[in-house]
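A single chain comes next, written as C-alpha cells; it is the form predicted alone.
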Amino acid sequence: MGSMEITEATWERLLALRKGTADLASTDAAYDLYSPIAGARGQFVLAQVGQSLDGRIATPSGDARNVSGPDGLAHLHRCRALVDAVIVGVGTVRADDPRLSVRMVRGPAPVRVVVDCHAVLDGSESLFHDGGAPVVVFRSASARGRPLPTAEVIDLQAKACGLDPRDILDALARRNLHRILVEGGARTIARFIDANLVDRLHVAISPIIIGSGPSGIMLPPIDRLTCAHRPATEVYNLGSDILFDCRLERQRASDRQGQEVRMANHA
C-alpha cells in the first residue's frame, strides 16, 4: 500500500497535464494515482465511492454527511478538479443538495450533470442558484417537468430501464466533455459499471462503522463468486481514509455496436 502525500509541485504538474500544456512525469504515488485522470485524452470515466468500513454511504434516514474523512474529501475534490464534468443522480441532489464544486483544492470546477429521468427537480435546488459551474440535466423525452433556471435540459429517449448511460456520455462528448466523474448515488454508479463504461473505480473507505443504511454500489445479484468483478487494484493511504484504485474493463464504442445495455436500476 502506497502512502500518498501530494505536494504543490505534483499538483501543478497534474493541472498542467489536465490542460495538455505539459507531460511532466513524476515518480511519486500521487502522480501515479491522478495522472490517468488528468492525462486522459478521449472519453474517460471515473466512478468514486466514499463509504464506511461496513460498506455504507449513509444512515437509513439518508444522512451522508462526514462519511468520508477530511483526506477522503480532499481526494474527491481533486478528482472533480481533473475532470470535465461530474455526474450525480437525482436522488443525490434531493437528499444532499450538493454544490459539486471544487473548494478544498485549487483547480477548475467541472460542469455539473444531473440524471433526472422522470423530471422531479423543481428548480429550487441550490445548484441552480449558486452561481457556480454550468448545470446539465438529462430527462426522459416523455417526461414533463418544470423549466430549470440556468440549466441546459437534454431530453433523451428512455430505454426499458431508463436513460442509457451510453447516450448520456455521447451527449456530453458532443459538448466536448470527455473526462467524466460519476460521483453518486449508488444506483447511478452501478448503472455505469453494469454497462461496462467505467475505466477506473475509486473506493475510499473511512474508519467508521454505520451498521445499516444504503451500500456504496448496488449491482445485480450474482450466483457464484466466479462472476464477481476482480479488477487490478492499487491501494493508497490517504491519511484519514484508505483508497482502492480499481481498473475496470471498459467496453469501447467499437465493441458494443448493436448491443443493448443491461441495467440494474432506474435513473
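Numbering starts at 1 and runs along the sequence shown. Everything numeric here is computed off the predicted structure, so don't read it as measured data.
If you look for the form predicted together with a small molecule, you will not find it shown, but the lines that follow are about it.
No member of the trio L46, P110 and I193 reaches the small molecule in the predicted bound form with any non-hydrogen atom inside 4.5 Å.
Proximity to the small molecule in the predicted bound form, taken as a non-hydrogen atom within 4.5 angstroms, holds for one residue of L238, A58, L201, I37, which is A58. Checked against the small molecule in the predicted bound form, the residues D96, E125, D167, D71 give one hit for a heavy atom within 4.5 Å, which is D96. Residues of just one listed stretch (238 to 246, 37 to 45, 225 to 233, 50 to 58) have heavy atoms within 4.5 Å of the small molecule in the predicted bound form: 50 to 58. Contact between I154 and the small molecule in the predicted bound form is not found at the 4.5 Å heavy atom cutoff. Contact annotation for R179: none of its heavy atoms lies within 4.5 Å of the small molecule in the predicted bound form. By the criterion of a heavy atom within 4.5 Å, R187 is counted among the residues contacting the small molecule in the predicted bound form. Although the partner is absent from this view, I205 stays clear of the small molecule in the predicted bound form, with no non-hydrogen atom inside 4.5 angstroms.
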